[in-house]
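Before any questions on how it binds or moves, here is one chain, the form predicted alone, in structure tokens.
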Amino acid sequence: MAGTEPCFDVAHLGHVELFTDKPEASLAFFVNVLGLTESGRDGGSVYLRGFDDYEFHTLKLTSAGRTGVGHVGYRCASPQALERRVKAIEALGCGIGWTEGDLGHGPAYRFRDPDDHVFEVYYETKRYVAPEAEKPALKNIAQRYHGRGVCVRRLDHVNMLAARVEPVRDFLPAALGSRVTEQIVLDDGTLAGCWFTVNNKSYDIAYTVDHTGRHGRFHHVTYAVDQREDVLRAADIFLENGIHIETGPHKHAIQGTFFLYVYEPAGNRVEVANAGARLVLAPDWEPVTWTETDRKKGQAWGLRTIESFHTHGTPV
């Protein structure tokens, strides 16, 4: 938050677990259409990643009787940083406890946000090692550009729904050391949306109001591509594969992201985006506040926000 010393105990958003009640169809979408690479399986879960995600996985796709988010994982900057975050989280009274980790990382401490979403923080991680056929020519990327489907590069951010955003705005800075970069404040003072970062990315997680009043629901996960042209290409790929395009391609006013939203076969919303070169480098960054009047203008170039963007979340 403004006026406080930035805390960088948490390095970056690591992964998200999504539940699907159509596991085969969802897996086919994420691998063949979105272009993620499968790095492992364990029980009812498949571990997936973008071609330049350095970790073993950034998406854990788990077969379940419902849709929505299982948990969100953040990697800490060091073992000592992990210890500090666990102490801070326990002091907030929201801890669940330690797990042994999974195929992609070591021990993790789990906790709940004020809206009942499950998070975990960890440090020990497994780096992806590309097989010979996928090894890149350059040593500084994790895997060669394979060109399958959209061929997204990396995990960018997640968006959660919350019955009330105000408690989350106070919680994430205390739990993870997150900073608020942008927010929406309505005329009656209600906080309708909030964008957070733990590093110099403009944001890694967002929370927006769940108009159903329910708790623990999921809005979308976003994978990044290099250029706007890649987003336009993705639209054609989704069209040819019968994937429901909800809205876009277009440019967000908030955060300036060039976006395209679709539903994967189980109904979880997925975004393909190009964020451009936006970074938050100022250590004393003041949150940008958007008003109700601002938002009624629509997106950056005037596109009206589609109604389902305010009503659709998973589980439905």
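Computed from a predicted model, the values in this text were never measured in an experiment. All residue numbers are counted from 1 along the displayed sequence.
We do not show the form predicted together with a further copy of the same chain, though everything after this point is about it.
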Checklist entry - in the model of the complex, does G248 have a heavy atom within 4.5 Å of a further copy of the same chain? => result yes
Checklist entry - Are any of the heavy atoms in Q255 no more than 4.5 Å from a heavy atom of a further copy of the same chain in the model of the complex? => result yes
Checklist entry - Even though a further copy of the same chain is not shown here, does C76 get within 4.5 Å of it in the model of the complex, heavy atoms only? => result yes
Next on the checklist: in the model of the complex, does L239 come within 4.5 Å of a further copy of the same chain, counting heavy atoms only?
Outcome noted: yes
Checklist outcome for this item: Which of 34-42, 263-271, 281-289, 59-67 lies within 4.5 Å of a further copy of the same chain in the model of the complex, heavy atoms considered? The stretch 281-289
Next on the checklist: a further copy of the same chain is absent from this chain, but in the model of the complex, do A25, H117 and R214 each have a non-hydrogen atom within 4.5 Å of it?
Outcome noted: no
Checklist entry - Of the residues D170, E229, E90, D187, which one places a heavy atom within 4.5 Å of a further copy of the same chain in the model of the complex? => result E229
Checklist entry - Which of A130, A235, L103, C94 has a heavy atom within 4.5 Å of a further copy of the same chain in the model of the complex? => result A235
Checklist entry - What residues of 123-160, in sequence order, lie within 4.5 Å of a further copy of the same chain in the model of the complex by heavy atom? => result Y123, R127, K135, P136, A137, L138, K139, N140, I141, R144, Y145, G147, R153, R154
